[in-house]
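Have a look below at one chain only, the form predicted alone, in C-alpha cells format.
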C-alpha cells in the first residue's frame, strides 16, 4: 500500500496506493466541504482530497446522494478521497450524535478510500488525568473500529495532548493494530498559537513510535510555511482548509507568512493568479469572485511548496530548505532548534550519502544529522598518542598542506618527536575535526560554509577541541587555529620538523573503518594491496589484491563499493550480524542471481544499517549470497512488506 522512494532525514517521498489511484507523498489534501465546493482542486494539482463523513451523514440530502452514488460523485472528485469521522466537530462542540460503528459503516457505504475511526481529540495543556482518560477511549474505539472495517483503508489518530510519553504510548498501541495510516491529531491549537516548539515534541514522540510502513498525516497543517519542517519530522500527508478559510478573509498564503489583501501593493508570487491580477484588481471585485481567485492562489503556493520539498528530498537538501523556511518566523526557528534535540532519532533514518553537498546556512546547521553522525564516528576512531591540529585550507586538505606549517601551541607532553605516532586532523566548520585520511569522504569534503565564522561556530570548535584533547598525551595546535577560534593558548613552541604525508594504505583503511566500522580496513586490505588512481582526477579509484579487485572508491563521495572479493573478505573477517541483511529461503535463489531483495523476504539485519550503505546479503546460516546497497534503514527494512529493501550489485557468491 505504501512504499518509500527517496529519503532525507525523517522526510521521505513515497507512493500510497488506493482504490482510486496512486498518491505521491508528501501530499496536500485540500479540504472539500461536501455542500460548498467552489473550485476544482484537481485542476490545481490535488491528487487526493479530504472531506467530512459526519457532515454528509447529518445532511439528509447529502447523505442520500452519497449513499446512492458514492462520495466521489458527491464532491466531483474521481481521485482518492479521505474522510474524517466527526472528531473535529466533537472537539468544537463537545458531542456528536453518531457512534464509532455508525461512522465506520457509513464511510464503507459511501465508498471512501481512506476512512477514520472516531477518536477523542484531546486539546493541548489539559490535565494528565483528562488526557489519560480520553486516550483510553481513543484506543478502545480504535480497536473496535477494526471490527467494522471491510474494504476501506483505515486511519487511526494518535492522541495524548501535549504529553510526549502519552503520544508515544498511543503510537505504540496503534502500531500493534492493523491500521493503514496514522493522523497526528489535536495539534491545530498549537499551530494557531504559534507553539511550534511543542508541536515538534508532539510529532517526534508520535512518529518515532509509529510503524515506518504507514503514512503519517499531520492534521490541520494547511499553511505552506510549516510543510518543510513537518516533512523533516516524518509527516507524509497534510490537509488544508486554510486555502479557502483564509481566502474568505482576503488573506493570501506564502511560505513566508500571510498577506492581507488590504496591505498589498504587489502580488506575492508568480502563480497564474498573481501574474494576471493586481491587488487593486482583486479589491475591486465582488466578494465571491475574489475569494475564489485568492483560494486558487493559496492552493498554487501550497502545491508548489510540496513539489519543492519533494525535489529537496531527492537531492538530499531538505534541511537547507527547512532552515530557510524556519527563518520566516521566530517561533518556527525555535521549533527547528528544538528538533535538534532529536538527532539520535533522525540519524537512524538519514542516508549516509546524498546527491547534494552540505551547505552551512547558520548556527542551526551545527545541529544537523551529518555533523552529529561524524562526531559519533570520530569518537570511535582508534586514538594515537599525539594529535596535530591544522587550520583549514583548500579541499581536499591533504593535497594543499603548506610546506611551512608555522608555529604551534602545545597541550600536554610526549617523548615522541616528529611524525612518530602522530594523528593529523584539520579544524574546519561545520564538522569541527576532520582526520586527514577522511578529507574526501562525504560530507566532510562535500560542504560549503562562510569564511567569516560566526560566534556559535567558534564556540562549537572550542568545546570540541577541549573535549578531544583529553584523549591524547600531547596535542599540537596551529597558531592560526588559536587565533581564529580564540582558544587562549599560551604554550607556544616551534616543533621539530613535521612532514605531513598520507600514504594510500593508511587512507583506504581509515575510510573502510569509517564506512563499515572499526576493523573493516584490516579485514578488506590485508596482504599485497595495489592502489590504482584515476588518470583524470588523480583520486584513488580501484584497490586490488594481486589481480583481484577488492573495492572501488566511488568518485562522488569516496565511499567504497565492494567487489565479490571485497564482500567475501568483509564477510569472513567480521562477526554476524555486522553489515548483514539476512533473507529467507524463498529469496536465496533470487539473491544469488543478483536480483534486488524485497523487504518482505528479509528476516533479520544489522541494526546499524542506514540507507545507502553497502551491505552483505546472507542466509540464515550466515552463508554469503550476494552484496548490494541498502535503500532503507534497519527499522524500515524490518517493518515493510512491500517494495525493495536492497539493490543487489552482485550475486553468485
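Positions refer to the first chain, counted from 1. Values in this document were obtained by computation on a predicted structure and should not be read as measured data.
One more form of this protein should be noted, the form predicted in complex with ligand GUN, which is absent from this view; the next part is about it.
Quiz item: Among 539-547, 243-251, 376-384, 186-194, which stretch sits within 4.5 Å of ligand GUN in the predicted bound form, heavy atoms only?
Solution: Result of the contact check: 186-194.
Practice problem: Report whether the minimum heavy atom distance between residue 212 and ligand GUN in the predicted bound form is within 4.5 Å. | Solution: Outside the cut-off, so no.
Quiz prompt | Residue contact check: residue 121 to ligand GUN in the predicted bound form, 4.5 Å heavy atom | solution = Yes, residue 121 is a contact residue.
Quiz prompt | Contact of residue 157 with ligand GUN in the predicted bound form (heavy atom, 4.5 Å) | solution = Heavy-atom contact with ligand GUN at 4.5 Å: present for residue 157.
Quiz prompt | Heavy atom of residue 84 within 4.5 Å of ligand GUN in the predicted bound form | solution = Answer yes; at least one heavy atom of residue 84 falls within 4.5 Å of ligand GUN in the predicted bound form.
Self-check item: Listed residue (131, 441, 508, 219) with a non-hydrogen atom within 4.5 angstroms of ligand GUN in the predicted bound form
Solution: So the residue touching ligand GUN in the predicted bound form, by this definition, is 219.
Quiz item: Which of these residues, 206, 112, 116, 298, gets a heavy atom within 4.5 Å of ligand GUN in the predicted bound form?
Solution: Filtering the options by heavy-atom distance leaves 116.
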